[in-house]
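One chain is shown next in structure tokens, namely the form predicted alone.
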Amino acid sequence: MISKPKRLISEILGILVAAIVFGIPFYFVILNASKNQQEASLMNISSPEKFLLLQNIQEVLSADKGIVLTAFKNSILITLFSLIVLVLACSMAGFVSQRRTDKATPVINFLILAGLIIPPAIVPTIWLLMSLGIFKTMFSMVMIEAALTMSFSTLLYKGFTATIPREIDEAATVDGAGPFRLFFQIIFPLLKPTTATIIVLSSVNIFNDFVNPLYFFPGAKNATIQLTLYNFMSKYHSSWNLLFADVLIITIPPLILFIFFNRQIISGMAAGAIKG
């Protein structure tokens, strides 16, 4: 066994390494977001002559008729509705796929795993959305984001459901509980650790998604927060101080989520990995 002094030293070293790896880039972003345009273009870690962080943030928020605020609203709505679809659909799918033991079980498991392996096809997806008349709509964007994260979330729910004894299902059925009452009143509250994990991880991935909104949700009024980075950089001119200020604004919400829910993430991932 590792002695307490050695364990303490290793933990301190781990914290220091993590602080360096994650702290230096964040410091670099804040520092350059506080400079003027000329100083930020040098891309160094020297202190600015005058700290302009608040002024740069205000300029970012007011740029192009407040497109950053519009993008924030779109990103929050897409993230929120996608999480609702993910939690409801994947929790039920994970419960059913774990409890079923008939001939369809291998097929269901294969389809879930296929969602992790098969990459999304952009052109056929756009063609399908246009055929259905939902291209460039919030509904289609929510469905796409939910679909791309559904397999991973279902597997997490399935793994955690395996830790819940089947006797609970049998006792509820004997008491007269139907399938929906059994799930939503008894099983779903027990899935809180996994639900918290999925909410945090998926919200960060969806909120920070750049590629899918670029292809499936084009248009100025449909801009998401990641696409606003284009507003401050171009082929011939880039406002690096405003770009870094925008990056700082984008980084704050996921950072707050991780700070407050890091324990739930670890417990949910560990609990879902106990059984498969």
Partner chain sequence: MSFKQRNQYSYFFLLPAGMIFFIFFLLPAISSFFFSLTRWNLTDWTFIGLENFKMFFAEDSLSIGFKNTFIYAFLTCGLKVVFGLGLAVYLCSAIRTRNFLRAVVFFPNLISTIAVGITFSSLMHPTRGVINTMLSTIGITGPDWLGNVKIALLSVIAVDLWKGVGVATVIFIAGIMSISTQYYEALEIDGGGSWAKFLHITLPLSRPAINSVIILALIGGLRTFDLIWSMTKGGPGFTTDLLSSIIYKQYSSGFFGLSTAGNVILFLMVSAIAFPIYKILNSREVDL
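The term rigid core refers to the maximal set of C-alpha atoms that superpose within 1.5 Å between the two forms. Numbering follows the first chain given and starts at 1. On a predicted model such as this, the values are computed, not experimentally measured, just so you know.
The form predicted together with the partner chain is left out here; the points below concern that form.
The candidate site formed by Ala63, Ile78 and Ala196 is entirely out of contact with the partner chain in the predicted complex, as no residue has a non-hydrogen atom within 4.5 angstroms of it. For the chain shown alone, Phe183 is a contact residue for the partner chain in the predicted complex, at least one non-hydrogen atom being within 4.5 angstroms. Looking at Val87, you'd find every heavy atom of it more than 4.5 angstroms from the partner chain in the predicted complex. Thr163 falls outside the set of residues with a heavy atom inside 4.5 Å of the partner chain in the predicted complex.
Though the partner is left out of this view, Asn36 does not reach within 4.5 Å of the partner chain in the predicted complex, counting heavy atoms only.
Within 4.5 angstroms of the partner chain in the predicted complex, the stretch 164-182 places a non-hydrogen atom from each of Arg166, Asp169, Glu170, Thr173, Ala177, Gly178, Pro179, Phe180, Leu182, taken in sequence order. In the core-superposed comparison between the shown form and the other one, Pro254 has its Cα shifted by less than 2 Å.
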